[in-house]
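What follows is a single chain, given as structure tokens, in the form predicted alone.
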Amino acid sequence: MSAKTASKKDQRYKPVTPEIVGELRRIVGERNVVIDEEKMEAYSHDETNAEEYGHMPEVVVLPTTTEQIAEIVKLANRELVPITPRGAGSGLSGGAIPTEGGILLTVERMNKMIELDVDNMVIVVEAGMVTNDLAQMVEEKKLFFAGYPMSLQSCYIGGNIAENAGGGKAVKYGVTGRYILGVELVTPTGDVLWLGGKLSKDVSGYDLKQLVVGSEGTLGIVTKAIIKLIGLPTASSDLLVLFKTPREAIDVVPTIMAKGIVPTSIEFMDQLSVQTSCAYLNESLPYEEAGAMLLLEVDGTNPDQVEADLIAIGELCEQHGAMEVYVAEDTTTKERIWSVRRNIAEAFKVYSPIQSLEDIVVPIASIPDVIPELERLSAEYGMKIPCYGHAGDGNLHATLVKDPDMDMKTWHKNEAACLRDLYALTTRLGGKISGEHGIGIKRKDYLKEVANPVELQLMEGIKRAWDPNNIMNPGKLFDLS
């Protein structure tokens, strides 16, 4: 029996009956309730492996208002039916998969801008707005949403908030949570309230807003958000720098920061990542001798300052052993060097579509310590493990890639053992097992092995207090004991 059709794991939950379907249709309208299995299949998985993690919902609902969501949540509590909130389904941890069946609630039809308040430098939007649409909307006003996730063109703001999404620009600008000033929340019991507001400062009690950010939809459903905007950078330049070793590449990062230069992005690529991506792109860069690459971006509003920072970074890299420094002087060259970074994942999919895309995070200075350990794990478990990611904040995509000749039984066994070793290594280095993708269902069993038990107890206590019936995205992050 496949994961998608497996029976519910928690028998406390009640099935979605025809009567409940009828009640849902009354709340949102018949066309906004889906029970056809073929149509529901798209909601049974995210960007994780569908065969391994997917699970069918019993019904999909597409509300259009906060009031409708509140009614649905109250109905779910009354009938003890689990609810899984969902944005665009672009996650990489299984956080929006309805593992207990029940109601899949998607915010895709709640995608309107409520207000663009230029005076207060904020925009208020519904949770189903595509992040890229928001970015383009404010750019017309010379403003900028800086909480930039890598899946900008497909993800929703609500999902960004649920995962506290980050990306390549986090070195300078931080992640989503820095820009969320307020959220309208439907709590797990169906109450509606605003947390935060159009405020730069607020210490009026616990910061419940920030507790919701990154809670993976387990503490309620965000329906609207007040998002902080900043001035749009008008100038940017990029460097691609080749080094002989990962250590040389990483050692230059704190040197750059100590000079008072804060690059927008500092992307790291190990030799395996570089060689595979360049071969995939038929790229002619002299990468054969490079043990690692750094891709750096500098932006700002003063073109002269951006150019000066870029020159200074290039000189520092050369002083620290850089083999080559390539400057992207035009759009075509920028696209060329960024293509190397963006296509790493696609390049490895050509080799093998079965992968485990990880996002460990370690102190920046520990990145070179990770590389030889990955080589050891690769040899021990018979798989490629390229390593690339965000050198400026220590967030690495150490990706386990299945050997095409390995049978699936051996792959699943080796994958689990390798992940356990990888997460133990990360913890020893003072890191965490996820920097931006989240725990979801994919990493929850590993989290309890490396997290402090008291920390898990505190999280469980918060979950019980907010969601006494455990109907809001159950089975994610951790299982209630």
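Numbers follow the displayed sequence, beginning with 1. All values derive from a computational prediction rather than experimental measurement.
Form predicted in complex with a further copy of the same chain: not shown, discussed below.
**Student:** Decide whether T218 counts as a contact residue for a further copy of the same chain in the predicted complex under a heavy atom distance cut-off of 4.5 Å.
**Tutor:** Contact with a further copy of the same chain, yes.
**Student:** If you check in the predicted complex, is G260 within 4.5 Å of a further copy of the same chain, heavy atoms only?
**Tutor:** Close contact exists here: in the predicted complex, G260 approaches a further copy of the same chain to within 4.5 Å, heavy atoms only.
**Student:** Could you confirm whether K409 comes within 4.5 Å of a further copy of the same chain in the predicted complex, counting heavy atoms only?
**Tutor:** No.
**Student:** Contact with a further copy of the same chain in the predicted complex for G196, defined as at least one heavy atom pair within 4.5 Å: yes or no?
**Tutor:** G196: yes, in contact with a further copy of the same chain in the predicted complex.
**Student:** Given the stretches 175-183, 127-135, 314-322, 76-84, which is the single one in contact with a further copy of the same chain in the predicted complex, using a heavy atom cutoff of 4.5 Å?
**Tutor:** This holds for exactly one stretch, 175-183.
**Student:** Let me know the one among L143, L92, M110, L374 whose heavy atoms come within 4.5 Å of a further copy of the same chain in the predicted complex, would you?
**Tutor:** Exactly one listed residue reaches within 4.5 Å, namely L143.
**Student:** Just one of C155, L310, A328, M121 has a heavy atom within 4.5 angstroms of a further copy of the same chain in the predicted complex, so which one?
**Tutor:** After the contact test, the surviving option is M121.
**Student:** Residue by residue through 448-481, tell me which have a non-hydrogen atom within 4.5 angstroms of a further copy of the same chain in the predicted complex.
**Tutor:** Contacts from 448-481: N452, V454, E455, L458, M459, G461, I462, K463, A465, W466, L477, F478.
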